[in-house]
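As structure tokens, one chain now follows by itself in the form predicted alone.
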């Protein structure tokens, strides 16, 4: 069906040629330019058609088919912004096919064509993290923040990468700046608490966890982290209460619940 559709698109240029040759009173393009112009028109139509097919396949979750259409689009060397968009959409298809290395390459190509492509930068950080390349993730996150220094997603992305790399100072700065803009973001308060804890600022960490829990009372991971700080500071009764509540709230997360139970047993 796709082959037939594309054949129809390409064949649509034939009547145009016939008409141009039928009317001698018209001023047809010189032979040296007529064919290239018509070829360019046919290519543009094929690009548009294949993009439409790829979008349909994406919506249906047919990622292999979407990837094939986008590969065909890129083989036609589409101009901007279609070029960077095709690389970006192909990266998404590859990511859904668990081809993260290929997805990262396509996102890098999209950014090379469009240096301000923020969505590509955000996804590149996530893909690099998923494939365990922390250095590449940090480079992508630094570029993301440089391009959008006030973007909440850019700040959060780099903060997460910095935490994983042990750069707690950068994580604290990024999460702190993010929370100035979005003070009710419970997850960022939790991550800022982790950065503060890594830096030995336990009181600040406890304060951030308390804020996170005020915003999201059933946030079991934050409750568990607060219990660890209480235990570190010698507040055993408060730690026990925190672990009990964490175990209750982590009913849907067996690994976290087991950890809370283990902390309780260790007191």
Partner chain sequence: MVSRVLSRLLVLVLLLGVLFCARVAWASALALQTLAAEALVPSAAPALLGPIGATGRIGWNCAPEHAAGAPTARGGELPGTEPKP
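Residue numbers count along the first chain shown, from 1. Only a predicted model underlies this, so the values are computations on that prediction, with no experimental measurement involved.
Heads up, the form predicted together with its partner chain isn't pictured, but that's what we're talking about next.
I need to confirm a contact call. Of 187, 134, 97, 173, which residue comes within 4.5 Å of its partner chain in the predicted bound form, counting heavy atoms only? Comparing distances to its partner chain in the predicted bound form, the residue within 4.5 Å is 187.
Find the only residue in 228, 42, 68, 211 having a heavy atom within 4.5 Å of its partner chain in the predicted bound form. Looking at the other structure, the residue within range turns out to be 228.
Might residue 114 be said to contact its partner chain in the predicted bound form, defining contact as any heavy atom within 4.5 Å? Yes - in the predicted bound form, heavy atoms of residue 114 and its partner chain come within 4.5 Å of each other.
Consider residue 140 of the chain shown here, and say whether it contacts its partner chain in the predicted bound form, taking contact as heavy atoms within 4.5 Å. Output for residue 140 is no: heavy atoms all beyond 4.5 Å of its partner chain.
Evaluate residue 62 for contact with its partner chain in the predicted bound form, applying a 4.5 angstroms cut-off between non-hydrogen atoms, and reply yes or no. Contact check for residue 62: no, nothing within 4.5 Å of its partner chain in the predicted bound form.
Applying a 4.5 Å heavy atom distance criterion, does residue 164 contact its partner chain in the predicted bound form? Yes, residue 164 is a contact residue.
What residues in 185 to 224 sit within 4.5 Å of its partner chain in the predicted bound form, counting heavy atoms only? Contacts from 185 to 224: 185, 187, 190, 191, 194, 197, 219, 221, 224.
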